[in-house]
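Next comes just one chain, in structure tokens: the form predicted on its own.
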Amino acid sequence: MSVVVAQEKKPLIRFDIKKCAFCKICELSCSKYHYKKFGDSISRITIIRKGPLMFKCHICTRCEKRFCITACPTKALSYKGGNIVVDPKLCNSCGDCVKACPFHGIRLHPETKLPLICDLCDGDPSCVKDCPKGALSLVWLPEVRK
């Protein structure tokens, strides 16, 4: 019996810690793009300071295991076109997707309680475009699916 293996490309926003100035413009750019207002609590990317020159970027990595989709009890999450997609009609805002993501790439919107998951701004991520230091870049990685 042979196994059919399909190789696809998946998008990833790469973070260069050496270039980050912790200005958080990426967070503001994200919230402005999606909600027409500034606010780090409604951003789909989060930059955390862990030390004087130590930052960490939390964003959906579109991991191969897709823990969030598996964890969703209402099947509100799916993978389409390289992104995790939320069906707001099915989502019950339980937060199981947030707890399941080992990369801390998902959080709930403070008002709607729907998951905030990076969707790459329709293929042209505003965080990447607006980062003044070039700390973020969009790359396409091979993804092997069986």
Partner chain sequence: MMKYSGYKGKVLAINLTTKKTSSIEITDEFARKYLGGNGFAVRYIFDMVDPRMDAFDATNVVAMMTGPFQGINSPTAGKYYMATKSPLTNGYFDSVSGGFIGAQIKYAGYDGFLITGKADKPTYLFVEDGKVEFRPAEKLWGRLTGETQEMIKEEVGDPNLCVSAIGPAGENLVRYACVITEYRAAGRGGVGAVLGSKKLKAVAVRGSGTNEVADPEAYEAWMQWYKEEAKKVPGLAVGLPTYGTPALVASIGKMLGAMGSYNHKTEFFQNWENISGERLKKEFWDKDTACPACPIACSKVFSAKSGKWKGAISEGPEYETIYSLGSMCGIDDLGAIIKGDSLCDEWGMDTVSYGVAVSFIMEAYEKQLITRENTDGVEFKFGNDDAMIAYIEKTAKREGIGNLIAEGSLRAARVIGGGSERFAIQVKGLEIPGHSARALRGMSLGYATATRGGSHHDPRPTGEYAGASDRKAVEGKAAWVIGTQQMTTIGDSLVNCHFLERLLGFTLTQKWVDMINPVTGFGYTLEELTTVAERILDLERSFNVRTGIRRKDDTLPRRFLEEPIPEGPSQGMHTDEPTLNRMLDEFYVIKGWDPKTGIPTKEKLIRMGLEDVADRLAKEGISC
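Positions refer to the first chain, counted from 1. Predicted, not measured: the structure shown is a model, and the values here were computed from it.
Keep in mind that the form predicted together with the partner chain is missing from the display, and what follows is about it.
**Student:** Can all three of 20, 42 and 132 be found with a heavy atom no more than 4.5 Å from the partner chain in the model of the complex?
**Tutor:** Yes, the whole candidate spot contacts the partner chain.
**Student:** Could you spot which one of 81, 52, 88, 102 gets a heavy atom to within 4.5 Å of the partner chain in the model of the complex?
**Tutor:** Spelling it out, the residue with a heavy atom inside the cut-off is 52.
**Student:** If contact means a heavy atom within 4.5 Å, which one of 64-72, 26-34, 115-123, 94-102 is the stretch that engages the partner chain in the model of the complex?
**Tutor:** Within 4.5 Å of the partner lies stretch 26-34.
**Student:** Would residue 47 count as touching the partner chain in the model of the complex under a 4.5 Å heavy atom rule?
**Tutor:** Result yes; residue 47 sits at the interface with the partner chain in the model of the complex.
**Student:** Can you tell me which residues in 100-123 come within 4.5 angstroms of the partner chain in the model of the complex, by heavy atoms?
**Tutor:** The stretch touches the partner through 110 alone.
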